[in-house]
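Okay, here we've got a single chain as structure tokens, the form predicted on its own, with questions on binding and movement later.
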């Protein structure tokens, strides 16, 4: 199974980035083999629509779940429509997050956990 985790860096030793749409990178991991790919998030500096564009990009990676600190309403809607589980409230080191996921320590969110424009520091 492939999952995507919002990341502050390009390795399994990086920290989870708490932002979904404006995170620096995603680590796309095969949970069976631990092979991974670091994906630059070209939408991080977008003036608007970062959540939607990032969700569409990640949906194209064939992942079954996305793990992040936060996920806003627009990104959540796109991911949900693509049948991708959203797990928010995640923090720590990427490799530990993958292990916790493999051990069933996370539950999928049933709604976004922040308001729109959260990653921009707007309320």
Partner chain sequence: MIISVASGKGGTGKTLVATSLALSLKDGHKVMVQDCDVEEPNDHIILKPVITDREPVFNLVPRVDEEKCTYCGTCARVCAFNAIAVINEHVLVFPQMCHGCGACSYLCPEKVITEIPKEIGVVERGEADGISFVQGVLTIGEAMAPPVIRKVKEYSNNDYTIIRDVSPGTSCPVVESIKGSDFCLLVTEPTPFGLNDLILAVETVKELGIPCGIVINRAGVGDSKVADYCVKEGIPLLLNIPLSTDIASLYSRGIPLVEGMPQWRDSFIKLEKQIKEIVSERNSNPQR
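Positions refer to the first chain, counted from 1. Keep in mind it's a predicted model, so treat the numbers as computed, not measured.
Below, we refer to the form predicted together with its partner chain, which is not included among the displayed structures.
Participant: Quick one: from 28, 90, 78, 98, grab the residue that has a heavy atom within 4.5 Å of its partner chain in the predicted complex.
Facilitator: Exactly one listed residue reaches within 4.5 Å, namely 78.
Participant: With the partner left out here, if you bring back its partner chain in the predicted complex, are 48, 56 and 82 all within 4.5 Å of it by some heavy atom?
Facilitator: Yes: 48, 56 and 82 each sit within 4.5 Å of its partner chain in the predicted complex.
Participant: Just to confirm, residue 39 within 4.5 Å of its partner chain in the predicted complex by heavy atoms?
Facilitator: Contact check for residue 39: no, nothing within 4.5 Å of its partner chain in the predicted complex.
Participant: Contact between residue 70 and its partner chain in the predicted complex at 4.5 Å, heavy atoms?
Facilitator: Output for residue 70 is no: heavy atoms all beyond 4.5 Å of its partner chain.
Participant: Find out whether any non-hydrogen atom of residue 52 is located within 4.5 angstroms of its partner chain in the predicted complex, and reply yes or no.
Facilitator: Close contact exists here: in the predicted complex, residue 52 approaches its partner chain to within 4.5 Å, heavy atoms only.
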